[in-house]
Each structure stands twice: as C-alpha cells, then as structure tokens.
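Before any questions on binding or motion, here is one chain by itself as structure tokens, the form predicted on its own.
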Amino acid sequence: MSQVSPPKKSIRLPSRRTFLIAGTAAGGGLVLAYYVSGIGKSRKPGTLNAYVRIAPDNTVTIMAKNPEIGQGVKTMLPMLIAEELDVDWKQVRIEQTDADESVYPGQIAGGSMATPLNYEPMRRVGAAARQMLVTAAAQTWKVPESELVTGSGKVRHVPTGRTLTYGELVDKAAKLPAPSLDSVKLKDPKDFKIIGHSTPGIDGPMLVKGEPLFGIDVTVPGMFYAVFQKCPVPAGKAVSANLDTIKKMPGVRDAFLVPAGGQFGFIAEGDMQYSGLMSGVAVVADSWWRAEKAREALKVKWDEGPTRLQSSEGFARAAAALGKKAPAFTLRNDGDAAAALKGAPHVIEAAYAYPFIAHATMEPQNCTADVRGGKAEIWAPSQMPETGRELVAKTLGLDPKNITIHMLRAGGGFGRRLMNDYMVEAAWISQAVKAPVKLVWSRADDMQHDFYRPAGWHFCKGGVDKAGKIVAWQQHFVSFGKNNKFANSCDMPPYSFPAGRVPNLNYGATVMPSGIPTGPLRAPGDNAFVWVFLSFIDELAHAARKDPLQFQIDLLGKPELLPGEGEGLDTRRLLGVLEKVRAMSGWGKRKLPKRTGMGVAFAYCHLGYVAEVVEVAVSREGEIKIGKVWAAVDIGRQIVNPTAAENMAQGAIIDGLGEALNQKITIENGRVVEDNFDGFSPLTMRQTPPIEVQFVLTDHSPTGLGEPPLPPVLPALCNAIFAATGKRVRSLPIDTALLKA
C-alpha cells in the first residue's frame, strides 16, 4: 500500500550516483554504509549511514531503515543486501533503526516506493561488501581475485579449495577503501538464492506468540498512561472541564486542558505538515483503564466552531447543486467535448458519489514519550517519523537534534500514520507532567479523529460513435477546498485515464469549503477515481454493445507511453495484464447461472499495472456473494518475496472490497457518527472470496505492491453486479436494497 501514501507527486527514482564507506564496528567486524543522492533531505558531503555489520563469528546484521507497517519491508530490504553479499539467510540478523534521516535517508512507508527506491542501491551495498571481502581474501592468500568465488558467507580459492569465512576476513576488509557502487558487479538474476524466493517475515515468530512488538506494547520505567479527549467537532476548543472531580478519581495523577498548538482545517494539497496539536483535555493515570474510566466522567464545555454546521447530507446537497452548474475551473481540455457530444449517436450521463472513509487501522494510534530537560525520547509507530520530529520540535519549542525517535512496528498504516498528531499529543502531555507518558487512543478516538479519505462527486457525460468508440467525455468533479484549490488529498490529476485516449475530453472541477480533515488513504485518489472512470467506461461499453474487456483493450489502443505518474502510463503493460486476466478468469468462455455476472477493470497505480476480474452472484433479495477474484499484476521483472507479494496483493483487494461493501463515514452536526467496527466494518471472513494472483514479469525495474491491486477491484465488482442484475452501482458503499429483483 504500500501500502498505501502521501499525496501523489511526480516520482523520481534515485540516481545511481552512490557512495560507500567502510569501517570497523565496535567489538570487531565490518561496518558498511551508503548514501544515495536524491533520497531524503540534503546533507553535508560525507555524512553516511551504516547498514551492514559483519561480526567475527560470521553473523551478518542488516539494519532495516524503513517503517514496518505490515507490508514486509523489514524483511524485504535486508533480503536485497543479503543476496548480493552472498550469505545464507540463516546467517542474517535484522535490526530496526531509529528515525534519523541524516543517517538513513528516505525513512518513510508510503507510495509503494520501498522497492523502486531501494532495489538496486541496497543490492549494490551487498555487492560492494562482497567485493571488499574478496579483495581481503586475495591479499591474504596473495592470489588473483579472479580465482576466488563466494557463497554462504565464505570466500573460496577455486584452484586449491581453501576457504575463509567473512568473519575471518572482516578486520582486513575494514581497512580497505570502499569500491564505487557504480563499479561493483551485481548477480545475474538466474543465480539468486534469496531474491525471488519466498521468505518468512522476520517478525513472524513474535507475531504468532503475541510477544511485545507494536507501539501499543511499549513500556518504559516510571511511565504513566494518558488519554486525550478532543472535541467531537474537528478544530473545536476546550473551554472548561470538571478537572477537580477527575483528579480525585482512583489512580488519576493529573488532568488538564491542552491548548491548540497548530493549524488545522483547510490544508493545501501537497502540504505535508498535516496538523499540529489540537485542543482538548488530557487525563494521566497509573493505568490506561483508570485514565479511560476518568475520561468517561469528564464534563467538557466546548467551543465547537463553524464545522458544527456541516454534515454528509449537506455536502451531498451542495454537490448536487454545483454539479448542475459549469465547473469553477478546468483541469484538462482536449478537443471540443461539448460539440462531440452533440454529434454522438449514443450519449450516456451518470452521477457517481463516494463517502468519507476512515483508515481504521487494527492498532489504534498510540505513542510513548519522555520529554524532560529540553530533550525528547519518543517511541512511535509512524509512517513518516521525520515529519513527526519536526512537528514535535515546532510545537514544544525543542531543538530537533534533541529529539530521539524509536521506530516501532505498526499494526497497519494505510496512510493514517503519515500524520503524527498522536506523536505531538504524547510529547506535549509528557512535557506537562515531566514524566514518561504512554498515550493510547480508544477505537472511538481512532474512528472519529482521523484524516479521512475525502468524499467526492463526479458528474459524467460520454459519447460513443457508430463504430463503438468513445468520441467525447465530459466530467465535472466536485470535492473540497477553497479558492479553486483542492484540500489535502482531494485533487484529481488531469492525466486520469482515459485522458490521452479520448479525442474530445474535458475535466472540470468545483471545490466547496469543509472543516472535515482529509488525508491520503491506501492508493490515494485512485481508490475512488478508478471506480468512477472504469465503471463509466463499462457503461459506455454496454451502450456500444461491446464486450467490456475487449472495449477496454480497444480503448487503450496502440502501445505507447501516456503522461502520468512517474515516467507515465505504458499502455503495452496494461494490455498485457488485461490479456492475462482474460485467460486466468476464462472471460467469455464460462456459462454463468442467472443473476451471476463477471466484471473487469484495470489500474495504473503507484507504478504498478493491475487488471482484475470479479465474479459475483446477487440473490433476488439483493445479497451479494463474491465467487472469486482474479488479479494479473505487472510490477516489473522481479518479485522479491513471492509469498509476501501475493499476500500483499490479496490484502489490497480485500481492502478494496471492504470499502465497496461496508465502509462509510457519516458526518452529522460536524461530528463523525461511526465509532467502532460495528458501523464501519472491514471485509468479514464470510464476505471474503478466493483470490487468485498471478504476476506478469516484464523487462522493467521492480516497483511496489502495497497499493496497485486495490483500485480496480471496486469497479470490477460493480461492473459484475451490473452484468448479474442489470442495475448500476453509482454510489458507495453498495446499497444491497437497490439490487433486489
């Protein structure tokens, strides 16, 4: 998702200009470090970051630099180094680094970028280490390096059969100059022993045993527990509370008002400073349970502010009225869509709407902080810890250099933990009580104080000619913002498909004010836009009386590179996954029972290409039964960890199905109505179908997988429902009452 990600930007992969340095580790051994230009913040020349440690006993420790949020990056990135280092995986130990981008650049979990940014650089670190060890062995034996080979953490002299372990060579190797990473030789993929082979997650045994691992498990000496009651209306302020009563309750150590410490509300797209400290009431106790029980007794007077007047119903009414007017501004204009629509023999109009959605991570937001004497030590499950450091420093008036952040495994992220509001809350409370504090949000806190996937409304009109080709597309997108600028994560890219494939196309937009905080959710933008675009394309296919899958292939047209994220959308690769999923699903060749249908959709998302087919049966009472999902995925020439990749693709698809079937955040009087999973449900086991994933290997650099498989499953499901019932789904989540026979 990659994992899900920050607002989409043009993505640049790192240059190959890299630097390596070697040194001796404390206690003996070889330490290797590398710096990749173009990743992370600028830094002084020569500031390098250690990744590999080889001990005299021949164990290899590899540092995992990126946040682990369940996407497997803590295992995947070390696999790249271990492969080129030529060690057995059983020799490897993995340690999670602290957050420090001056040492470890690019410490972020988002955008499905871990693989594209690190695949080659980390392999080169391993290859450089191997080269230094080979040189050390050649000098020891006084033989040419060409006579040496490596394997299983040893260097072998081929003519004599002599061997030395890496551990026996580390002292000499540490004194050698590090080779240029551009000059080291990488393995031929046919010789891979780790990359491309399924490897269990390094944290698996701890997860199975339920051992402490997550942020919510942290304990430190002298720690208190805290809860933080914020106004149910976003940006509302606490005026007063019954603090004297709360302080007398069992186990309560302190209770106090917390002032607002940062901007909130409208945040321009692209601004990664998501939020500061919100006003509220903090309760600190000797256990979380006692703190929570005290919060239940709180009586707070709130200044709710203007957002109290807003509601989902009000937004929908306003959007419907705006949709009847001309867009306030233009996103893209090709040809003359209005004229082409007038001349088209078949014209279809449709209005699509989708709601706010919460991230709903299994592990609620939490953070442990110890802020005393002008210094802060923080334990946090964050997707973007460096912005958390900046936020804490700015809010508390600390020097960022005096803030230490320990990265912890997160129980899900999906974009929620890109924002670090929980981090600054814990730090502020700790500073106030002058003691370590563990802040844990309740499920209701997590559900009702999120940065939501924004709601949106799309008013579409399309025209098809007599040959069955789309000749015109007109779309008015309504979402949130002000002054003709989108709020955070509310923007629609002008290159959204089918831009570049319809000769007369117009995308317009109108924004309306909102006090509801928004942010990126797994596959941001695409998780909603692909549903709209590929559903409407399916409508046009049926209007043209064409097979929907073939219609999509014909629409893609000749293989070429279209403008889009990264280097652009390669239509050849989309054609490849569509043909693959056609074969996988037996599209058009299977006889289906009544009220059973198949739907298809594709997406280019976060550099990945995915096509999916969903088979669904709809009972006469409207009950949906998903028979199976087929997914064809192209993320380049190499799958680093196959089982983990398949699991990630399946997880993304399950996420998408849950969004389509179950998930909606409702705003009433400025408040979020839903407060737990009974009103906002992930996909249940009963609803989860078999999911078949196959990878299409193409000669392109490997890319990420956390997000690409999610978007196409929503339109594929809804298109299948139409095939089964003849009824269109134009609003999410799906209202099964509308599907009754």
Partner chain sequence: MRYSLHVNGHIHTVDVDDDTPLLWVLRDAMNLKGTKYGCGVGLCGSCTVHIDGEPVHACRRPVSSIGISKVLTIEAIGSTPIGARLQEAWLKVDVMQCGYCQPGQIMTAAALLARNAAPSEEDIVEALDGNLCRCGTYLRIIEAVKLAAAGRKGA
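Keep in mind that what you see is a predicted model, and the values were worked out from it rather than measured. Positions refer to the first chain, counted from 1.
There is another form of this protein, the form predicted in complex with the partner chain, and it is not shown here; the text below is about that form.
For the partner chain in the predicted bound form, the listed stretch (711-719, 53-61, 694-702, 671-679) containing residues with heavy atoms inside 4.5 Å is 671-679. Of the heavy atoms in residue 431, none are within 4.5 Å of the partner chain in the predicted bound form. For the chain shown alone, residue 442 is a contact residue for the partner chain in the predicted bound form, at least one non-hydrogen atom being within 4.5 angstroms.
Taking non-hydrogen atoms only, residue 76 never approaches the partner chain to within 4.5 angstroms in the predicted bound form. The partner chain is not shown here, and in the predicted bound form it never comes within 4.5 Å of any heavy atom of residue 425. Relative to the partner chain in the predicted bound form, residues 208, 290 and 648 are all within 4.5 Å by at least one heavy atom.
Among 484, 333, 160, 219, the residue placing a heavy atom within 4.5 Å of the partner chain in the predicted bound form is 219. Only one of 538, 634, 363, 526 lies close to the partner chain in the predicted bound form, with a heavy atom inside 4.5 Å, and it is 363. For the stretch 677-698, the set of residues having any non-hydrogen atom within 4.5 angstroms of the partner chain in the predicted bound form comprises 677, 678, 681, 682, 683, 684, 685, 686, 688, 689, 690, 691, in sequence order.
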